[in-house]
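First comes one chain, alone, set out as structure tokens in the form predicted alone.
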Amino acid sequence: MNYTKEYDLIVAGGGPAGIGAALSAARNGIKVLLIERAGFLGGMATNAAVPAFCPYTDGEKVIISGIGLEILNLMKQESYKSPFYDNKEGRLKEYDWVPIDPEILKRVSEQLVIKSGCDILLHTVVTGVTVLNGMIKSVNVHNKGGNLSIHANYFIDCTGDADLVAMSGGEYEYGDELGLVQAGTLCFRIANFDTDRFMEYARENGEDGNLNVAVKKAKENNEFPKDERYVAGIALQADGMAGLNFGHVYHFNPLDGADLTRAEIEARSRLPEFMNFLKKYVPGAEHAVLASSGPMIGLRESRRIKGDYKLTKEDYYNRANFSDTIARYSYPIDIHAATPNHDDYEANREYVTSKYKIGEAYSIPYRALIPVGFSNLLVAGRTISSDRAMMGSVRVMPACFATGEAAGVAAAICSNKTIDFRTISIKELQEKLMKQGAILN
């Protein structure tokens, strides 16, 4: 396959945002290349082994539909039916906190993208860009074949770190006012787990997906892992297997290679400590073994672009609605601490206080996907234009699918009309998104 030819659209990053962007653009008839640094698609779901999807609903109905829901349903057709979640606390068992089977998700995502006619280039890193008068002309990439320059008319940055924006000299914000970002987590999977025993314990003791009961007992005995104040997220991924979103690495810069290396090594070194907690305090895990850890540490935060509109904490609390809405979501403001200090942990209380009532949601405007200073570049995923609090909500995978799908449709419209991203008809964009299943009101 000749990847040096010119494309209508290049999508950088093959996580939920990139999958949504590439699929929606290709299905709308333009020539698309999806570039991913790993050997598979899926982003944090597969590359970091995050064990479950965040909610697709507002507690009473699905609000993330379209491509994101399509992929979820395809994965569920083949994967384990977890008995854990019920309809308490506004959860809809079918669509909220669905356990992720990473192997099925990889294959389903690849097959859909290939069927759409989109080209995929795995094991490939974007190393630079060529920019002229606010327009990206090409991306430079590196893989085992060497260095390539690939041209396109439009680009979508779904890297999770706004790499294309940064390489192009675009404006962005990073972390909090001290330059710190949320802690990272190396998720892991355990096998030889007695699912039936755990479910009996969970029902009798009111244990939830955060293992609050077990964590409380361990803390009372001063045996919860050091520097961990958060709960230990668990998802039942198969009979005898569970995935854990558990453990934090603090004070690291995910954009620095040396720092990222340190974080990976530190996270792995703590896994025996986490396993000891599980074996002692979680019934069903007494004989569990560590099956695998994520291929890389899970990252929650890095850059946030400066866009034509900046979503804010006030927009979240006002349940904002916009004339250029391209998606709706309702996940709470979920900010993990950047340090193990007690005061920093207090920031995570907003996860509780910011929860919406059942049926409530906010809108995401198209303008938040447009980085200032560029005419043929969009951004989708956790790095859209927002303040740090709002990023704590839009950063999760269902919202990333939705912003990616919107960006891909916008690219197809603009490509077919040879216009820039700001000239698009919002009405036409919204109509096409709704035809694809997106829920905008």
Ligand SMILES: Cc1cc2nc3c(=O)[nH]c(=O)nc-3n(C[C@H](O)[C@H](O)[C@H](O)COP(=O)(O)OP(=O)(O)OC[C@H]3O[C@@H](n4cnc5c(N)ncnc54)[C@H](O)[C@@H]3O)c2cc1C
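Note that the structure is a prediction, hence the values are computed from the model and not measured. The first residue of the sequence shown is number 1, and the count goes up from there.
Another form, the form predicted in complex with this ligand, is not on view; read the next lines as being about it.
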Contact segment among 287-295, 118-126, 261-269, 208-216, judged by heavy atoms lying within 4.5 Å of this ligand in the predicted bound form: 118-126
Listed residue that, although this ligand is not shown, lies within 4.5 Å of it in the predicted bound form (heavy atoms), from V32, I64, C400, A411: C400
In the predicted bound form, the residue from S363, N245, S302, T195 that sits within 4.5 Å of this ligand by heavy atoms: N245
Check all three, N47, T185 and V396, heavy atom within 4.5 Å of this ligand in the predicted bound form: yes
Contact label in the predicted bound form: G68 to this ligand, heavy atom within 4.5 Å: no
F274, heavy atom within 4.5 angstroms of this ligand in the predicted bound form: no
Partner contact for A22 in the predicted bound form: this ligand, 4.5 angstroms, heavy atom: no
F53 within 4.5 Å of this ligand in the predicted bound form, heavy atoms: yes
Members of 153-170 lying within 4.5 angstroms of this ligand, judged by heavy atom, in the predicted bound form: C158, T159, G160, D163
Comparison of CA distance in the predicted bound form with shown form for A232, P283, at least 3 Å: farther
